[in-house]
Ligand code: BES
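For reference, the chain that follows is the form predicted alone, supplied as structure tokens.
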């Protein structure tokens, strides 16, 4: 309601929208129609009145200023001829807004540099609202169905990270990448920044030589001149704004298969190509389960270590952390996860961030089906057991209302919903349905879900109706199984008592070995580690007792060189174990790790471990050195954890 009142006040304002422009005096907007189940509380946009359908970007990448500057051209469908176009922005410097009518020639051509009969039109920015930014309200003249916004991003835009050469793998050139989930796209382009609004887009990006621009879109060779620093792209498929993605840096390409490949800095690309050699097979395996891959190519861009997430599922071009390059292909579950998003999340998207589980829970479930298909049931079971442990740890620290799948996030940052609940509890719900009805029924149900809602945005309400119509009312549970209490899963806190319990046989042996080692009945040199996978090592480290003697940790380190491990998952887990138990030999490696790696999955637990040991000043000292290399999303979280103003 507060946001609505702000827009109402804005539209009734009497001040000019721009130099010499008439005032904006549009009528009061009507309340949103929550056709998808409920309105999007994280967007000012009113797509039921005027909906963006296409976006064209023409942007200059200015590393010296740390800004993007240029235009966003936005075609719209006007469902209410009297209503303005309302866009989301955050810290954008709006310089000019023009409107025009698309002529027949331009209707199917790229928008980025469309030559139309542009005329200035009134516009105004509303007041700043926490988490959301400011609405940009644009008067649409009669007959106008496209606007062009000239603007510049802020150097501290939350959806962009500008890296100095020293923060990259090769240390030679600067690097830029975007990270727009959940509502950070509005910090670098004006848009209807809601996952319920999908647009196609095209772009022309000007970048300084010798850097290359990449986007999560198809390259357009006819409009590209790499030697002149001009790169053009087209995305014909409609996607939400958070999946519009840009990167600029010194990168090279290696082919993985007929429709797959990897981009990375020159010193990284060969190792990345080896690590991801199974990607083409992954695509084929998912297609066999859930239908055709609909995005043309599937490439991976390996970003510098500052990237805050393991991966980001930008369509056609997954952004990935270099911390998954272990040399033995043991951490490719992350690539399986991002690939799975090509069906759950990208093809069929949650309509609001309160329904994030429809993206992430489905994706974790599919990820494990990929791993089972490629590497066997034991591998998938180990991933599931570790995931359940992560979920239980998260549940112990979360407010009960945040442990439901259907979240209420009004007045909150949607990034608050990015927890293991959406991922692991969501996947557990789908696993429960699989167990009750069997894969021979559940797999066709999921394939139908994706094909029916392809290139659309959906709500939990729609999932409930689809599930009832196509599965639960059509089939009886398998013998010995009880129907799933869907309401308990969606709207009750915690995990239902009858949730599936996965058991990994290998972990039983690992747990026994950890117990014998901790109590001194087995010496370090006789631990049965010769055939352990990284997942077994992770389990071993996680189940070590909290009061284990530091001498035992020193024996482990001397025998297995854990502090110098090249596997970043094992290293991060070991560093957390060591910090929590006061094993100080890891201190130099800990500080180096926190200065060079920005992945939130790793750095947040390590800072929390320092705080748990009463080492707040050490944590703040390391953070003061490292903060500039972290993404704004990571900075925001750590500022709160460490009490940094």
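Numbering follows the first chain given and starts at 1. On a predicted model such as this, the values are computed, not experimentally measured, just so you know.
This next part talks about the form predicted together with this ligand, which is not shown.
Only one segment in the set 302-310, 373-381, 482-490, 212-220 has residues whose heavy atoms sit within 4.5 Å of this ligand in the predicted bound form; it is 302-310. Scanning 54, 608, 620, 599 against this ligand in the predicted bound form with a 4.5 Å heavy atom cut-off leaves one residue, 599. The contact with this ligand in the predicted bound form, taken as any heavy atom within 4.5 Å, belongs to 334 out of 282, 334, 83, 395. Contact annotation: residue 338 falls within 4.5 Å of this ligand in the predicted bound form, judged by heavy atom distances. Shown alone here, residue 233 lies farther than 4.5 Å from this ligand in the predicted bound form, counting heavy atoms only. Heavy atoms of residue 349 never reach within 4.5 Å of this ligand in the predicted bound form, leaving it off the interface. In the predicted bound form, no heavy atom of residue 430 sits within 4.5 Å of this ligand. Annotation for 106-123: no interface residues with this ligand in the predicted bound form [heavy atom within 4.5 Å].
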